[in-house]
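The chain below stands alone and is given as structure tokens, in the form predicted alone.
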């Protein structure tokens, strides 16, 4: 690993959706040809919110298959399972000794999760940004392709890197977020961003046309007879955002004009959006089916894990030496 480093991970909470694809995976695809990249399935992060232990391993495999089907090339990048590289958690503990608890408690993401899961507020949830910092710094990554909602966590990573460098000598870069065009994909509910943990919010990369139509049918709209400017928030804004994300400016302009004139037909609009989405996802789904039939996923994971652990151990050894532990 002698080029600039890149790291990103997606939680193992189920198959990837359009938000994951536009917010992270498309950025990964742009970077894998240029830099030394490690892309992870962060299963340790997944267990900080309610989950089913009986499906976690399958969720991990599903994310890896979705990665590969979307275009990640195991000959160009490394793909790891977070929990298979224990250096993540050891580095996280070491970094936690130099970072204040009060800063973690003030993070908006922690506050949001407390509201979302009031009966599942755990130490891992509070510790999440420190583990994320360890994930990134373990590979000394300079770029992190993630959505804009992760910027507060990336700032924590930079603060930790800065503090460590001040205390123990120049060790870590201060990573920057790699922005992709679709870094924020709105929820189908019309509120917030698309999320696997909110039912009715997402479209999966593996959804067939009928399922996509069903999911879009539930997007809240008005009567279609009001006219005026296209809203910036809500379900109608989500529909227009999807046309932008899939680069269908022709349809966007058509329905924008219909909306302004007060004669937009949402059922027709949703049907066209469903077709656009499915036509984009169909090649990904076909590739995924072939991978499930013929690709030796276990062999790839074993090979990549060994390489990742070698790199991770170098960083961890350096950190322990600088902190006076060895």
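Numbering follows the first chain given and starts at 1. For clarity, every value in this text was computed on a predicted model and none was experimentally measured.
Omitted here: the form predicted in complex with a small molecule. The next part is about that form.
- Taking the partner from the other structure, the small molecule in the predicted complex has a heavy atom within 4.5 Å of a heavy atom of residue 150.
- Although the partner is absent here, residue 182 sits close enough that one of its heavy atoms falls within 4.5 Å of the small molecule in the predicted complex.
- Interface membership of residue 308, defined by any non-hydrogen atom within 4.5 Å of the small molecule in the predicted complex, is ruled out.
- Residue 128 belongs to the set of residues with a heavy atom inside 4.5 Å of the small molecule in the predicted complex.
- For the residues 219, 81, 144, 160, the 4.5 Å heavy atom test against the small molecule in the predicted complex is passed only by 144.
- Residue in contact with the small molecule in the predicted complex (any heavy atom within 4.5 Å), chosen from 64, 42, 269, 31: 42.
- With the small molecule left out of view, the stretch that reaches within 4.5 Å of it through heavy atoms in the predicted complex is, among 160-168, 119-127, 231-239, 182-190, 182-190.
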